[in-house]
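As a starting point, one isolated chain is supplied in structure tokens, in the form predicted alone.
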């Protein structure tokens, strides 16, 4: 029996953090055992905000190395680069002619990000982002798209796009479903009411590339509470401990929190040690991969070719349906 298909991507906009690992990469690795997985580096999606062209390609390779170092197996999963396959942009152009523009203006992420851009002068790429994302998804006929709650709206737009296209041109595109994996919500160290994110950056995040002393310094500044374990910051640290520390250590601090006797200086030291032990082998594997960029490019080229066969077939079917080829 053929495996169901999974598709997901991450933008190369700088180093990934623990929130990215626990919320996405960790589950990507697990999903390899059950599904046919397509994972891509969404470099076209990284162009709708300020960036340095001199660093962008290095960020693509860095993200690829992080995927593999975290456990993505290029032999079991298809790992590729979005911009290397022109079918993504081509399908997006076609879908833009069936998706009502009103659907784009109501997207939550557009409203949030457009409000942050200078003088409200949001670029067209920001508005168009969900159309390209719909193309990313629909090219591979995925059964499921693993996402967090904040991405549900994008998968729903992909379903809408498939419906608009199929009703006009005939059954061609599949209707993907969201897959809500059991992913924790990792919060900012300095503002625990916000998700840890690359946008916040700085001391808000624990990056996968941070050296041990940097992890220690950032955790020492993390927000907690008065010692009763009820604050959002304290809960965030205890949650992180549960993911990275041994069962005995987790139990000790959980009991102290329940008894309202927790010492946060000790918690932060224990968490520092646990996270650094976890990150050390991942960082070593990643450094090894980045030390051989040609080999890394070969891995991506193999993934590009594998993904390209699927994308080309879907685009061919679409072009025939809209009358752009025989």
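Quick caveat, the model's predicted, so the values are computed rather than measured. Positions refer to the first chain, counted from 1.
One more form of this protein, predicted in complex with ligand TYM, exists but is not displayed; see below.
With a 4.5 Å heavy atom cut-off, would you call residue 45 a contact of ligand TYM in the predicted complex?
Residue 45: yes, in contact with ligand TYM in the predicted complex.
Just checking whether residue 129 would be counted as a contact of ligand TYM in the predicted complex - the rule being heavy atoms within 4.5 angstroms.
Contact check for residue 129: yes, within 4.5 Å of ligand TYM in the predicted complex.
Contact between residue 10 and ligand TYM in the predicted complex at 4.5 Å, heavy atoms?
Within the cut-off, so yes.
Using a 4.5 angstroms cut-off on non-hydrogen atoms, would residue 147 count as touching ligand TYM in the predicted complex?
Yes, contact at 4.5 Å.
Would ligand TYM be touched by all three of 64, 139 and 141 in the predicted complex, meaning a heavy atom each within 4.5 Å?
Heavy-atom distance to ligand TYM in the predicted complex: none of the three under 4.5 Å.
Just one of 86, 125, 184, 163 has a heavy atom within 4.5 angstroms of ligand TYM in the predicted complex, so which one?
Only one listed residue qualifies here, and that residue is 184.
Considering 79, 95, 196, 240, which brings a non-hydrogen atom within 4.5 Å of ligand TYM in the predicted complex?
It is 196 that has a heavy atom within 4.5 Å of the partner.
Which of these stretches, 52-60, 289-297, 267-275, 37-45, has heavy atoms within 4.5 Å of ligand TYM in the predicted complex?
Every other range fails; the passing one is 37-45.
Which residues, if any, of 8-28 lie within 4.5 Å of ligand TYM in the predicted complex when only heavy atoms count?
Contacting residues: 8, 9, 10, 11, 17, 19, 20, 23, 24.
Any idea whether residue 183 and residue 236 get closer or farther by CA distance in the predicted complex, knowing it moves 3 angstroms or more?
Those two alpha carbons end up closer in the predicted complex.
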